[in-house]
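Below you'll find only one chain, the form predicted alone, shown as structure tokens.
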């Protein structure tokens, strides 16, 4: 079995790379992809630990981008994570995340909510600060009663403390392709685009390789729709749990029971 969408403490997951590999072994996974948000810092350790447990670890990343005021995530698989342009992009995104966090803190203060960068850094165990970490602080300080409420009131797109991203989906695809990887549109249904087909067509014309077709909560009709898009635009269907550990209790490793065939199709796309 495989799982191609997993986060560690390098971004907003709660398991270290070593802990993640041990858990993947318990869950009978033979192939996984580590796809931390805008970070590759977990990959060396995860790949090394994977070899010890006889688990193939695909080096990956999940770029957070924005398109027409919608949040769009682009997954990169089989990336050369030493690639200079990839590293420069990640460095730029890290700086952007820090600046964005300060702007979010300021917006929250304007709405009577006082949290500090130190509060957020205590939540972030890796080198990436995310809105998930900010939501944890809001929850811990009892400004909200759930993490979902933090996004619904303050952190979601268009909400009181939201700050736009600079990276676009097309640029993310470009960087992934230049690093030798496959570019895949993550959880497309969550984007909630009215012009979904046109958007996927645009990405396909700009070197998109696949669509995350199998994802927690996707219905059979959702899956059929994305398989149809894959057939139309010569894309490959992929899938994963989007595992975050305790930060997202609705997903678990290997919950989708995805077959090895998906991994083999990805290798064929790379002509390996």
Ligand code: AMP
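Worth saying up front: this structure is predicted, and the values here are computed from it rather than measured. Positions refer to the first chain, counted from 1.
Keep in mind the form predicted together with the named molecule is missing from the figure; the text below concerns it.
- Annotated contact segment (heavy atom within 4.5 Å of the named molecule in the model of the complex): 142-150, selected among 142-150, 196-204, 172-180, 110-118.
- Using a 4.5 Å cutoff between non-hydrogen atoms, residue 64 counts as a contact of the named molecule in the model of the complex.
- Although the partner is absent here, residue 225 is not a contact residue: none of its heavy atoms lies within 4.5 angstroms of the named molecule in the model of the complex.
- Under a 4.5 angstroms non-hydrogen atom cutoff, the named molecule in the model of the complex has residue 132 among its neighbouring residues.
- Residues 97, 100 are the ones in 95-113 with at least one heavy atom within 4.5 Å of the named molecule in the model of the complex, listed in sequence order.
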